[in-house]
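In structure tokens, the next block holds one chain alone, the form predicted on its own.
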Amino acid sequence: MKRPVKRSSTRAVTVSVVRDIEALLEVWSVRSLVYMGEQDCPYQEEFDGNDLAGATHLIARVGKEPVGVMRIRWFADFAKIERVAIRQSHRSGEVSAALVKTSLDLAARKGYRRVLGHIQARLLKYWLRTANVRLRPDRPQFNFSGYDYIEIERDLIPPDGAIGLDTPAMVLLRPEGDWDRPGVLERSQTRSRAR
């Protein structure tokens, strides 16, 4: 069996919020390759019903090629990072680090003060070193899809200007994670109000 060679990227890793069906299909393709293809995860367990409601997906690219993904779900007091999947040929660490940084920045910008993650137990040292997380105390290890998982968490400090109740209405209407640029609804204000 021929194994892909790990690539040391000479091109920058870019991470963006998924905003269209094509990018969401790319997310699902990467997850299928990693979880179903490599880890033999059953379809129903990988696609668990949490991909659309209350979730934001991030996609990492090298050039135009999708190489890594992450899902973030939003709860009242915390954000939860999950479904991190990196294509085997791009597991040097830079892709996952870019995804983690983007997810933490996004959660802090939304005003969250804590992030939770369920990670494979075998990856704890990587997460401790790379993401400055801590193991959640008094939480038992658990198993699903044939792997042992543990809970990690990290505190966040929302930046000045984090999204909140007093954020201007037009900013709240902008696309997820793109709050610093005028959105399509702001451009619509220039149309005649003849209706």
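All residue numbers are counted from 1 along the displayed sequence. Computed from a prediction, not measured in an experiment: that's the story for all the values here.
The form predicted together with a small molecule exists for this protein as well; it is not shown, and the discussion that follows is about that form.
S.K.: Exactly one residue in 50, 32, 39, 167 has a non-hydrogen atom within 4.5 Å of the small molecule in the predicted bound form; which is it?
M.R.: Of 50, 32, 39, 167, the residue with a heavy atom within 4.5 Å of the small molecule in the predicted bound form is 39.
S.K.: Determine whether any heavy atom of residue 71 comes within 4.5 Å of a heavy atom of the small molecule in the predicted bound form, and answer yes or no.
M.R.: No, residue 71 is distant from the partner.
S.K.: Residue 85 versus the small molecule, in the predicted bound form: is there a non-hydrogen atom within 4.5 Å?
M.R.: Residue-level check for residue 85: yes, a contact with the small molecule.
S.K.: How about residue 96: is it within 4.5 Å of the small molecule in the predicted bound form, going by heavy atoms?
M.R.: So residue 96 counts as contacting the small molecule.
S.K.: Flag residue 129 as yes or no: does it have a non-hydrogen atom within 4.5 angstroms of any non-hydrogen atom of the small molecule in the predicted bound form?
M.R.: Contact with the small molecule, yes.
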